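Okay, so here's just one chain, in C-alpha cells, the form predicted on its own.
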C-alpha cells in the first residue's frame, strides 16, 4: 500500500481512539471543573463499564445488537449510580479536601478493581460488535487525467468503528446542549463558578456534586462500552485510559471542556498515526513529552484559565 492510503487508514484509526478518549477525558474534566476533585478512580469506572457491558451482553444472549443496546443503556447508568454513592459515602465525608480526595479515590480504585476481580475473574472478556461489516475506502489522487478515485487493496475499515466516531460526536453535542440549554446544566455551571454563592441561593451543592461525579463516571463507562467490541474487557484495563485522560485534561486545561475536546483529538489522532507507523510506546512517550512542555510553557493548558 502506498503512503497516502496508509496515512488515511492510520488517521481513521486515530479518530476512533480520539472518539473514545474524548468521552473518557470529558468525564474527568467535568468532575474537576465543578468539584475541583482529582478522580484517580476514573480509569476503574471505565473498566467497570466495560466489564458490565460484557456481563449484560452475555446474560441476554441472542443477537449481539440486543445485548449491545442494553449494555449502552444499563452500564453507564449503573456506573454513574455507583460513583454517586461513592461520592456520598467517601468524598462528602472528607469535605472534598484536595489531598484527602486523592487518597480517597485511590481507595475507591482498589475497591472497584478487586471487587471486579473477585466477581468476574481475571480473564479478558470479548464482546461481539452489533454490526461489523468491512467497508472498502476510496482514495483520491491527482493523475494525468485529472482528479481520480480508486480503491487501493487493503484500505478498509469496519462499520462499527465508524459508528464509534459518530456516537462520540452525538454524545458531545448532547452534552453541550445539556450543559448550556437546561436548568440542570445552569445549576452545574453556577456551582462551578462559585459553590458558596450557589448554595446561598438555594442550590443543593452536595447533590450537584454527587450528580457531577456520577456523570463523569458514566461518560467514562459509555466510552468503555463503545470500545469493548474492539478491545476485550478485563479488570486491569483502567490504567491506560486514566493516564491518557490526565494527559488530555492537562494539555487542554483543567476544567476546560473545549480544551479537553481539542486535546483529545490531538492525542488520539497522534496516538493512532504514530502507533501504526512506529509503535504504541513511542506514541505514549510523545504524549508525556507534550504534557511536560505544556506544564513548563503554559501551565494552565491550551484553553485553561490562569488562576488569580
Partner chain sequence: MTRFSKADALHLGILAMLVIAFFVLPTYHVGAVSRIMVLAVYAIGLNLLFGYTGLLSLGHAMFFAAGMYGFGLAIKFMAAPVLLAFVLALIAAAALSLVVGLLALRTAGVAFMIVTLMFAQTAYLVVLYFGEFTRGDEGFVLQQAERLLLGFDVTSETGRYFVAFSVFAICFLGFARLVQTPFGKRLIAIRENEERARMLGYDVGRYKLLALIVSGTISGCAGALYALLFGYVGATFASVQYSILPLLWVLLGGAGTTIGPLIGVMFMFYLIDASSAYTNSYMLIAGLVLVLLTMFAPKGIAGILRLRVMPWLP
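Predicted model only: the values in this text are computed from it and were never measured. For clarity, a rigid core is taken as the largest C-alpha set superposing within 1.5 Å between two forms. Numbering follows the first chain given and starts at 1.
There is another form of the same protein, the form predicted together with the partner chain; it is not shown, and what comes next is about it.
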Is there a heavy atom of residue 115 lying 4.5 Å or less from a heavy atom of the partner chain in the model of the complex?
yes
When the contact criterion is heavy atoms within 4.5 Å, does residue 104 count as touching the partner chain in the model of the complex?
yes
In the model of the complex, does residue 175 come within 4.5 Å of the partner chain, counting heavy atoms only?
no
Taking the shortest heavy atom distance, is residue 188 within 4.5 Å of the partner chain in the model of the complex?
no
38, 243 and 281 each touching the partner chain in the model of the complex (heavy atom, 4.5 Å)
yes
Tell me the stretch among 95-103, 190-198, 165-173, 205-213 that has any heavy atom within 4.5 angstroms of the partner chain in the model of the complex.
95-103
What are the residues of 270-299, in order along the chain, with a heavy atom within 4.5 Å of the partner chain in the model of the complex?
279, 281, 282, 284, 285, 288, 289, 291, 292, 293, 295, 296, 297, 299
Post core alignment: residue 244 C-alpha displaced by 2 Å or more between this form and the one not shown
no
Please say whether, between this form and the one not shown, the C-alpha of residue 66 moves by 2 Å or more once the core is aligned.
no
Please check if residue 12 moves between this form and the one not shown, taking a CA shift of 2 Å or more relative to the superposed core as movement.
no
Just to spell it out: taking the C-alpha atom of residue 11 and the C-alpha atom of residue 291, is that distance smaller or larger in the model of the complex than in the structure shown here, given it changes by 3 Å or more?
closer
Relative to what's shown here, the Cα pair residue 243 and residue 281 differs by 3 Å or more in the model of the complex. Does it come closer or drift farther?
farther
